[in-house]
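The chain below stands alone, shown as structure tokens; this is the form predicted on its own.
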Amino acid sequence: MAVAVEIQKTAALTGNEAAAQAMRQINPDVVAAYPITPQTEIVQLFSTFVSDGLVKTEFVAVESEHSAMSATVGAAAAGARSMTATSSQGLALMWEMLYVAAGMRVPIVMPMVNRALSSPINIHCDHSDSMGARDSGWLQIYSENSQEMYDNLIQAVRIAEHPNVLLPIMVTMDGFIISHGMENVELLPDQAVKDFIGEYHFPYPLLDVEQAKTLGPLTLQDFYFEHKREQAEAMYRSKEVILAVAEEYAAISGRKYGFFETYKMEDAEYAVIVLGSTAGTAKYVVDQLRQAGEKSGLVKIRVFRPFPGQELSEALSGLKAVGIMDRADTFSTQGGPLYLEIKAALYHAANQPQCINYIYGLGGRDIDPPLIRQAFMEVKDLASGSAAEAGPTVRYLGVRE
């Protein structure tokens, strides 16, 4: 069936500009923000939309990222559609309030530009910031490029505000690689976005004086467990909502999203799994390998929270081996966060592929086609049983010895 795609405008935008344009079209009631590299440009651009009268947003310039999230939580609890944005140490400074936002079930949408955490001080990309917050109760969506950042942010509003979800969501993109790199982005008409996200009606606004509410109260052994169980259930329910929203978005944009994207996986015997901008380079390597007759494939994870474990297990069940690439380390000595999630998902699989974990690209270290090809060849050797020796399960790709 043909989709009714809206007429779209193509513009050359950086990832930050694409995020700011999405925020302009979303037109939130409140944005509270504090600058931090490489996210600063998002809220800086958005503040110009506010000053130029292009949005009706109340923009709150605060003194720290902790305050930014605190103000955003307060505004959302009052019944306002609320957003903020951050990176790296800024996300870390929000840590306390991330849990408060999720526990209070306020549907905040936050662009998050991935950047390494100190120390040593580094302003370039890895995923240690968002991965550090992976168990905070926020949904997490990762973007390969500027187009996906734009599309994901618009969908995130519908997902977070759905009555079966009511959880905050962070939409990420790789710092500088995507945030400051310019690409062609197809923008939906303003009215199409407005119609898609609809009016916001928070079901439990604190400012409703006719029906008094309590959000974030003290609960001890009597009800705390039940609150957390319901929060977990909302995360389970969000999977269905994510796919339903993606279907609706495809009808107006022509761009279809799921929990993950598979690339040349139909007859693949081995594959690599990635997050974020690395997928573009990895697809190029897969194309080269395919031209050489190799049965290689790629899986790009889009939704990390909720983690699509069952769906991934089914997608990987026919493979002999997979390489799982993490742009963050857990320092658990057991591998990176994506690796651990996938290994857990595969535990009960009938045909479990062998797995190698690659920690790579920390602090913005380049990940080029030769390095990704090296990973593919090692995974191929594991799949064929031709590896001279087993080697470590967790490997550091591209680090100087």
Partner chain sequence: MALPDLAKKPQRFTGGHRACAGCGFPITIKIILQAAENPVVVGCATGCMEVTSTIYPYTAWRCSFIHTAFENVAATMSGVEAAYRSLRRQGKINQDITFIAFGGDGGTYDIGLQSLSGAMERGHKLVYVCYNNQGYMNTGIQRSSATPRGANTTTTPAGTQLPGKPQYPKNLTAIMAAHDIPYVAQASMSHWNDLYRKAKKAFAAEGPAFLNVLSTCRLGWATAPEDTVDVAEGAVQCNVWPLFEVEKGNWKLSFKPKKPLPVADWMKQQGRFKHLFRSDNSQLLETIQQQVDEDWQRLLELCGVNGE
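Residue numbers count along the first chain shown, from 1. In this text, all values refer to a predicted model and were calculated from it rather than measured experimentally.
One more form of this protein, predicted together with its partner chain, exists but is not displayed; see below.
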query = M97, V193, L312, I301: which sits within 4.5 Å of its partner chain in the model of the complex by any heavy atom?
reply = M97
request  = With its partner chain left out of view, choose which of V171, A116, I273, V73 has a non-hydrogen atom within 4.5 angstroms of it in the model of the complex.
outcome  = V73
message = When its partner chain is placed as it is in the model of the complex, are K56, L206 and P217 each within 4.5 Å of it, taking any non-hydrogen atom of the residue?
response = yes
key: its partner chain contact in the model of the complex: Q374, any heavy atom under 4.5 Å   = no
query = Does any heavy atom of D52 come within 4.5 Å of a heavy atom of its partner chain in the model of the complex?
reply = no
inquiry  = in the model of the complex, is there a heavy atom of its partner chain that lies within 4.5 Å of any heavy atom of S64, even though the partner is absent here?
reply    = yes
message = Given that its partner chain is not shown alongside this chain, does F223 nevertheless sit within 4.5 Å of it in the model of the complex, heavy atom to heavy atom?
response = yes
message = Given a 4.5 Å cut-off on heavy atoms, tell me which of 347-355, 329-337, 25-33, 41-49 is the interface stretch with its partner chain in the model of the complex.
response = 25-33
